[in-house]
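The chain below stands alone, shown as structure tokens; this is the form predicted alone.
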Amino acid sequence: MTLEAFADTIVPGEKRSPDDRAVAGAAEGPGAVAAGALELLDWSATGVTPMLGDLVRRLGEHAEAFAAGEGLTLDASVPPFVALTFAQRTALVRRLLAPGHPEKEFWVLLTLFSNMAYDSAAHTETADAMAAGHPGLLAMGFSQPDPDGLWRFPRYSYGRPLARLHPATTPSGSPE
């Protein structure tokens, strides 16, 4: 829940159900959690998976210290960061990401991966993400592949070809 709440603070989305505590519901439509932030964080390619438990613990400690400093009483039925409101989560994350914070690099990593889950679906094959209706790719207007699963673009993005095709290029775009 803590990692979901962090990802939702970075790319907010709507609650999955009325009793959802991790996703604050600060924005309409799906956010980082719906886009697969936890799946991306749990993917060994990120390199952060072994430290997630420690980051959850540290985020809880920071949330408790934040609450104490603000005179807040946290709901003990959920993890400390989850117990914060969206505005409070945002204020705490700002502190953690501020220049000079001794743990900034770790929170920047979580922030980048939360964005990456939404912006690129890096943990999923792009064609699979599009077939599943990945919310970030759809929100950005990423085009659907052609029926054969390949992406082709009828117009050049710069309005002209940037280079001539190599004579050995196959119809599928691969070199021989």
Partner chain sequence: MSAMEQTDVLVIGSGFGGAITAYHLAAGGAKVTVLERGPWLGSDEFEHDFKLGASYTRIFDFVVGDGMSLLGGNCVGGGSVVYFAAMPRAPRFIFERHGSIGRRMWPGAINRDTLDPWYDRVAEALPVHTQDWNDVTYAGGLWGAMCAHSGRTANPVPVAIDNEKCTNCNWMMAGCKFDAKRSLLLNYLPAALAHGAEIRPLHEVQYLTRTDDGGYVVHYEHVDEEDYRIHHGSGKIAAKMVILAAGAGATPVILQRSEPHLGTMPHAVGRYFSGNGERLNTAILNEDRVREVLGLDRPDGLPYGSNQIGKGPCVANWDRLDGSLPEYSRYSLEQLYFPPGLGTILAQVPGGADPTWFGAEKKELLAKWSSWLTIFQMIEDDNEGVFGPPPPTGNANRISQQMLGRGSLSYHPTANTLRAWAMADAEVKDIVERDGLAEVAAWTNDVVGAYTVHPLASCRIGDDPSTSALDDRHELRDHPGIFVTDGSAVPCALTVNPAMTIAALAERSVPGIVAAARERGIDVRYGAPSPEGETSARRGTARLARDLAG
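Just so we're on the same page, rigid core means the largest C-alpha set that superposes within 1.5 Å between forms. On a predicted model such as this, the values are computed, not experimentally measured, just so you know. Positions refer to the first chain, counted from 1.
Omitted from view is the form predicted in complex with its partner chain, to which the following refers.
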Whether 52, 79 and 147 jointly form a contact site for its partner chain in the predicted complex is the question; each needs a heavy atom within 4.5 Å. no
Would residue 133 show up as a contact with its partner chain in the predicted complex if we use heavy atoms at 4.5 Å? no
Touches its partner chain in the predicted complex: residue 42 (any heavy atom, 4.5 Å): no
Within 4.5 Å, heavy atoms only: does residue 75 come near its partner chain in the predicted complex? no
Residue 69: touches its partner chain in the predicted complex, heavy atom cutoff 4.5 angstroms: no
When its partner chain is considered in the predicted complex, the residues of 99-134 having a heavy atom within 4.5 Å of it are 99, 104, 105, 108, 109, 111, 112, 113, 115, 116, 118, 119, 120, 122, 123, 124, 125, 126
Core-aligned C-alpha movement of residue 150 between this form and the one not shown reaching 2 Å: yes
Once you overlay the rigid core, does the Cα of residue 167 travel 2 Å or further between this form and the one not shown? yes
